[in-house]
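For reference, the chain that follows is the form predicted alone, supplied as C-alpha cells.
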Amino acid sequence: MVSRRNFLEKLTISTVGLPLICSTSNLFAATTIPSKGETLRVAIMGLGSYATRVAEAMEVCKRAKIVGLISGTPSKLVAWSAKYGIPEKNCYNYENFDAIKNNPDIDAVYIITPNGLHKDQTIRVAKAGKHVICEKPMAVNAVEGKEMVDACKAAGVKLLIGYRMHFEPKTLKVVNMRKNGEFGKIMFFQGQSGFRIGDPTQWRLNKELAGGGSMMDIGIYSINGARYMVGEEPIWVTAQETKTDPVKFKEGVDETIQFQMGFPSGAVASCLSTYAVGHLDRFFLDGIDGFAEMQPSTGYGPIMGRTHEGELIAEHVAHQTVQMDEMAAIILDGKEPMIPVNGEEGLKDMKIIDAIYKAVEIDNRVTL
C-alpha cells in the first residue's frame, strides 16, 4: 500500500532551548497573503514526510494556502521557508507557537505530528483562536479526543480531522449508491488494512507517542470505512490480537488485530489491522442486491474499484488537494460534507478503538 506510513520519517519532538530560525535573506520570495474569506490560510505543524506530501498537494489548491510553519527542527524551518516563501514572522517552534494568537495572517493550523502530541497541541491552537485541522487518529484515546472537541467548542473554533477519503470521488460514489438503495439491505463489510512496518525505532512503535500500534495507524481506516460504507454506527465489537515479534512490538503496541463489528440493522463487519502483512488495502461491501469492492481502498491513489454495475470511474486528483479545498469551504463557507470530518466524527472512531483494545484485553464482546 502506498500510503503515509511508507513516507514518514522519525519526527524530532524535543524543542527545549531551540531558537526560532528563519533567515531574512533573499531565500524568501515575496509572499502575498490572500484576504480572509477567500482563501484558508494555513500553518503546517510538524514538517515530516506526510507534511511534505500535504504541502506539495496544496500548491495547486484553489482555496487553501500555506502561510505559516511550526517545527521543532530549525533546519526544516529554513528549508520550508525558502521553498514556500514563508516570512520569518510566520515561523514558530513548539515552544513559542502560542504567539500565533497575535498573527492575523493565519486562519488555521494543520497538526501533522505523532498521535500522542495531538491533544495538547490542539488545545493550545484553539486557545490561540485558530481553527484546527488534526491528522487522524485525533488522539490516543476517546478521553483525550473529547477534551479536544470541548476545547475547540469553548474557543469558538472548528476542529476538523484529516479524513482525506471522505472527499475521494470513487468512495463518495459508493456511499451515494448505498444511500440510494442500489445495494439493497447491507449485510456485510470487510476491511483489510496493513503493511509491513520498517524501522523499529520510529515513533509509530512507541506506545507513548503512538498510543498503540497498527490499530491507531492503519486499522482506523477499516473502522472509519466500515462506518461510512455501511452507513451505521456499530453497537458491539469483538477482537483478537496476534503478536509474532514481541521485541519489535512491545507491550501496548499491537502488531495484528482482527476485529468484528455489529450494526443495528444486523449487518456485520470483519476487519484486519496489521503491521506484519503487506499489500492489504481492500474494502468489500455486500448487500442483498449488489456489492462494491475497492482495492486499493485508502492508499494515496488512484483508488480502484468496481460494483455490480461495473468499474468505478472518476478523475484522480491528489487526495490532500481535494481535502484542503473542501476543508476551506467547511471553515470559510460553512459547507456540510457528505461524510463528516469534524471532531465528533474523530471521537466516534476513538471510542471504537478503545472498545477494540478492551475486547482484546477481556477476550470478549464489548458493547458500544
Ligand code: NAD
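What you see is a predicted model, and the numbers here were worked out from it, not measured in a lab. Just count from 1 along the sequence shown to find any residue number.
Separately, the form predicted together with the ligand exists; it is not shown, and the next lines address it.
- Residues N115, G162 and D217 are all found to lie within 4.5 Å of the ligand in the predicted bound form, as judged by heavy atom distances.
- When you look in the predicted bound form, the only residue of C61, L47, I331, I66 with a non-hydrogen atom within 4.5 Å of the ligand is L47.
- Checking K248, K173, R196, K76 against the ligand in the predicted bound form, a heavy atom within 4.5 Å turns up for just one residue: K76.
- The ligand in the predicted bound form comes within 4.5 Å of a heavy atom belonging to L209.
- Remark: W203 counts among the residues lining the ligand in the predicted bound form, judged by a heavy atom distance of 4.5 Å or less.
- Using a 4.5 Å cutoff between non-hydrogen atoms, A57 does not count as a contact of the ligand in the predicted bound form.
- For the chain shown alone, G191 is not a contact residue for the ligand in the predicted bound form, no non-hydrogen atom being within 4.5 angstroms.
- The stretch in contact with the ligand in the predicted bound form, judged by heavy atoms within 4.5 Å, is 209 to 217, chosen from 222 to 230, 148 to 156, 209 to 217, 238 to 246.
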